[in-house]
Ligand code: NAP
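A lone chain, given as structure tokens: the form predicted alone.
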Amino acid sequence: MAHLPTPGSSSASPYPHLLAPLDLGFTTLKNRVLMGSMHTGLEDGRKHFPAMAAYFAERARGGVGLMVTGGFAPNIAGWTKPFAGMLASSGAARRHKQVTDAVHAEGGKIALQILHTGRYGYHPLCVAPSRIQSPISPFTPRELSAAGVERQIKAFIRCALLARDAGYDGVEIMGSEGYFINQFLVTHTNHRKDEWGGSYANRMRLAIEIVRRTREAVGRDFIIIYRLSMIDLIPDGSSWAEVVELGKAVAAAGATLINSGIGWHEARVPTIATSVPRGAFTWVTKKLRADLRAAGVNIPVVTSNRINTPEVAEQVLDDGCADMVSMARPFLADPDFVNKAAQGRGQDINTCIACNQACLDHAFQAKLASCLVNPRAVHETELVIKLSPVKKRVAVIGAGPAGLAAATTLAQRGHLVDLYDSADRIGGQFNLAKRVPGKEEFEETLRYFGRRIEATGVKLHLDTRMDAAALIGGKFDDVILATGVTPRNPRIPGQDHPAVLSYIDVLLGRKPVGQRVALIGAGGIGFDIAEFLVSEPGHSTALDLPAWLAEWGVTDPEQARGGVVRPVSTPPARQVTLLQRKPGKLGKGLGKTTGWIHRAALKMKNVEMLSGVNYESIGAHGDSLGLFITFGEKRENGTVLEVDSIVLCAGQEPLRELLEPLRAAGVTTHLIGGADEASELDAKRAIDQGTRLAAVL
């Protein structure tokens, strides 16, 4: 059993709880930081193992106490998709040795996650307790026989033994998020009548047997983390009494740590998007920890979800919510998170903004993951930042995301960099995005780049509009144009009416907006403006946990099974209609894992969505402003929307008037970010492009 002394409060440590060691009895973790499991795509191919070794080694070097790999299936039935990562043979274990050796060489510890997807498997060989198709997979699972259940248990045990042989310090048994083990626990997915179904004692047998028999097989000196679903966020999910009973049982069966799982993948409640308040579910872990302690069970409990700064992590531990904090995506954003925290350099951490654009969205598109704010994540062996043998003078025009990434990376490599922007602050379009409710985290990226400008020695020139003559006269070796975008002109007759506004006018509060609003354009900007307009001024549920929980129908699982009740949304601040030219569903171009959240949020606020629209004209209509629209190629069903304001969100065009005169003068000029391609406001592409150009210049 682990020993759980109260973490010290030494004044020498800026985060005394977070940085305190954790004695597990047979081994000690150097701090209370768990790097949670993330699927990066490196798990799914033999050729990726050297990159996986470099990826984990960099984070071990960064000071993480214990890391967990992305999920590896224990057998074919447990695959996430055909030929996905699997650990089921001694040959596979030998390949993993390069990962564990690299981590141990940096003084780190690492556990392998055993992930059996059950009915979530995206392949025809998936299995489950009952023949019930998942809403997130087109394949109906095969119902396991009792002998089939036994084969799955043996596969878990074999996988754990192979992980030990491969040099891992432990395993995490994935029992949450609606995967295989979780599917046995609830009547929502388990309709069995045998010894693996029916009563809760039967339904939790699978979890207990896997933990107990794995412990017997691997011995006492091997970490077993059990990932327990503490709040399912689905109807007919586990009751709180069942969650506590399972926690006690897995502890008794030999688990070393209980890690928190929040919500099934099919739940219609966001759990890790940027609009979710920080630490939104730590109260659930605190509740379980207290109930286990009251029952005399002292197993360390790990909390997780939307913890992205050392300050939040420290507060969570200080409040008694957990014994350890799991952070996953924050280590994509900054592998040196822990070391920076330990050195009192929290302000230098590249903070995860929970955008999901390069991590989860990539995973669901079968691409290697990365990170919007740190393109090197998962690409450490390919995107190498090293000192340049030749020192150049480089001008970067535009201090938006692309320009900031390029300028600071160039300066890090030893180049002499001048960064110019006509605005009075860095950030470009991020200064607009951070005003959208639920996107306040974007301010963290601007804080980070501000610190990087100081640390790398970039010469920053704000309120400075550079023209071609000045740049030519500056005799720079290279000029990088990161000048961004300008709003596209939709050329609608009558759009010069004073009540027709640009999205920039709205976000900066330059002009008043009426109560009835039509938004022309339903891309990312249109959705952002809609959320901005339906919210009460100055109020964001991302900063108000009780309001957020009520809006999404999340409650104490002791009050309702699965922790879900009917959502209670506040009335919209305005009546908004969102329109797009393209036929079909609005928001199809939004992020794979966040688009549904934006659509659901606007639906709760009664936003009307119209597609296949032709914008015919704008003009006075009685006492109102009228937007005359028709539908489809035949321009049928003409109607007038009576509104008070119209906001143009019809996309952007590259701003690159400096390009031709510079190239004509023989200046080596590069285009990045929106100046290169203006389709939507793609910060992921902008930062990646700026970083990659700077890495080779």
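Position 1 is the first residue in the sequence shown; the rest follow in order. Bear in mind that the values here come from a model prediction, so they are computed numbers and not experimental data.
Note that the form predicted together with the named molecule isn't included here; everything after this is about it.
Note on the partner interface in the model of the complex: the residue among G121, G521, G71, G279 having a heavy atom within 4.5 angstroms of the named molecule is G521.
The partner is absent here; in the model of the complex, the one residue of P141, G562, G526, P270 having a heavy atom within 4.5 Å of the named molecule is G526. Of the stretches 85-93, 578-586, 235-243, 99-107, only 578-586 has residues with a heavy atom within 4.5 Å of the named molecule in the model of the complex. Shown alone here, T214 lies farther than 4.5 Å from the named molecule in the model of the complex, counting heavy atoms only. For the chain shown alone, I646 is not a contact residue for the named molecule in the model of the complex, no non-hydrogen atom being within 4.5 angstroms. In the model of the complex, the named molecule stays beyond 4.5 Å of every heavy atom belonging to D676. For the chain shown alone, H415 is not a contact residue for the named molecule in the model of the complex, no non-hydrogen atom being within 4.5 angstroms. For the stretch 452-490, the set of residues having any non-hydrogen atom within 4.5 angstroms of the named molecule in the model of the complex comprises R488, P490, in sequence order.
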